[in-house]
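The chain below stands alone and is given in structure tokens; this is the form predicted alone.
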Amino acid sequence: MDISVWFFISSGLFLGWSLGANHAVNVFGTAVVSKMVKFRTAAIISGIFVILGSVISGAGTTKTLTDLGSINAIAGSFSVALAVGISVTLMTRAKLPVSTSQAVIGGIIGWNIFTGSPTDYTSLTKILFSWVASPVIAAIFGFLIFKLMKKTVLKWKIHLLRLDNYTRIGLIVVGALASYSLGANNIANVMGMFVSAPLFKDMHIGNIITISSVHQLFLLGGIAIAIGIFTYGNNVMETVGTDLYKISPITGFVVVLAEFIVLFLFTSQTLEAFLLKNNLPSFPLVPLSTTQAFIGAVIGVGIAKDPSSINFKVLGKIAIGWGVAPLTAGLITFISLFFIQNVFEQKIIHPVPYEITTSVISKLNAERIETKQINDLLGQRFLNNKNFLNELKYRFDYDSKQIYSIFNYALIDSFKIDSSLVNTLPEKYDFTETEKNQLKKLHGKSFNHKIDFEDAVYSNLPMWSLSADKLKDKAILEKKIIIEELFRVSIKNKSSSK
């Protein structure tokens, strides 16, 4: 691999380090501050489980982040990761438990604005919802769990030494679980912006194990987080552990348990499938702010125990940090992209072609998006996001959601159906013979737009229609992604075929 790739990816590793340094307090801070667990022990346990969570369960939240902004050039990924890392480090030095998720979103939106790329407001709304919901849910769990502990365990009159021992074990167990969830949920923040710019090749160990390029990225990111926890994690603990609220060992156990529950709710694909199967509302899989969940749990326990003991001045200071972090990250991203593109002459975005066709116009009309003013663009191909955006805005005052739809439909994304590949579809997705035969009938067909591909493959066929059954719809959408990836003609394939 080119050594320059390691240079660019170093910004992601730096971000991972700063995330670990800032978020160590969220998983083992209470155990360490209350002197129940030594920092060195906590850091080792946390590091191991963060890496496991990153590699095993990191995929779910990453998709939401890549939907928000597909940074497809490694120099662009480098700029965003570096800007976020600098923002988080500045907050860490100020001893503020900042939200890395918010800083990452600020960085990605900064990239979108600089490159003229549209922002997916559906994904952004899901993420914003989680920012509001997670501390509230954590506060509720923290409040309820503490009340339950007070009416049960604390009334059982367990010998003090034995209670201390149980509490220590409990802190280690919930700290390990929370560390796993921290890795699973936050690896998207560290490496999510590099996923669209493939850096590694899949590794095959014999014919048994295949380690994908994404999992290799997640492993590196997990290790970086673990090093951040070990080398600098005890600094932020002083703010939350001693200033915001005086945390006892029992309180610390409740706080981390409540935080773990919230992280699990917003990370687990298994839980999502269970809820959908039983027709229950599911939680969006988004990169959550573990800091917000932690602070929410601290507040919940504080209200249950003694509301007057909460230092709301410190809470306000932390909240300001949450607002400043994404703005800082977005601004630094914008400025760094300017220098990297114009001074160092690096590509911060790979040109992606767009073209308005009659099928694009039909799709837009179906969504009642004005198209009369852009009919003169039929057949024109744009290789620059900003030029395409300016042409659209010059003709009509489209809102952000409409712009996103036009970009999405006009994107040239080539597909060619090869019937010999149909039998390679993964067995675990249970493709039926009818579905396979339908694909084989289209052998040799080529498409330049995803909407044309979807129209040929899925339209008027009942097995591809979505229904009110969320679990069934989720399985259909997963199958569609597998089919698209199978027949997509990648840039690399195009180049090699010339």
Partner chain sequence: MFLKKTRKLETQIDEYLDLVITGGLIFKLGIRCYLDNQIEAFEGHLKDLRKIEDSADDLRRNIEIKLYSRTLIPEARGDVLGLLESCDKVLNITEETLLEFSVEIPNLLPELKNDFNDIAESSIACLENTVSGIRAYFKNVDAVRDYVTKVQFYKKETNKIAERIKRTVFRTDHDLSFKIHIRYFTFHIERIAEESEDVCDRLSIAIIKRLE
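This one's a predicted model, so the numbers in the text were calculated from it and none came from an experiment. Residue numbers count along the first chain shown, from 1.
What comes next is about the form predicted in complex with its partner chain, which does not appear here.
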- its partner chain in the model of the complex has a heavy atom of only one listed residue within 4.5 Å, and of 205, 343, 280, 160 that residue is 160
- The single option of 126, 305, 363, 215 touching its partner chain in the model of the complex, heavy atom within 4.5 Å: 305
- Query: So which stretch, 43-51, 438-446, 29-37, 425-433, is the one near its partner chain in the model of the complex (non-hydrogen atoms, 4.5 Å)?
  - Reply: 29-37
- Message: Is residue 386 part of the interface with its partner chain in the model of the complex - any heavy atom within 4.5 Å?
- Response: no
- Query: Any of the heavy atoms of residue 396 lying within 4.5 Å of its partner chain in the model of the complex?
  - Reply: no
- Give a yes/no on whether residue 166 approaches its partner chain to within 4.5 Å in the model of the complex, heavy atoms considered. yes
- Item | 4.5 Å heavy atom contact, residue 373 to its partner chain in the model of the complex | no
- Task: For the stretch 121-152, return the residues whose heavy atoms include at least one within 4.5 Å of its partner chain in the model of the complex, in the order they occur.
- Result: 150
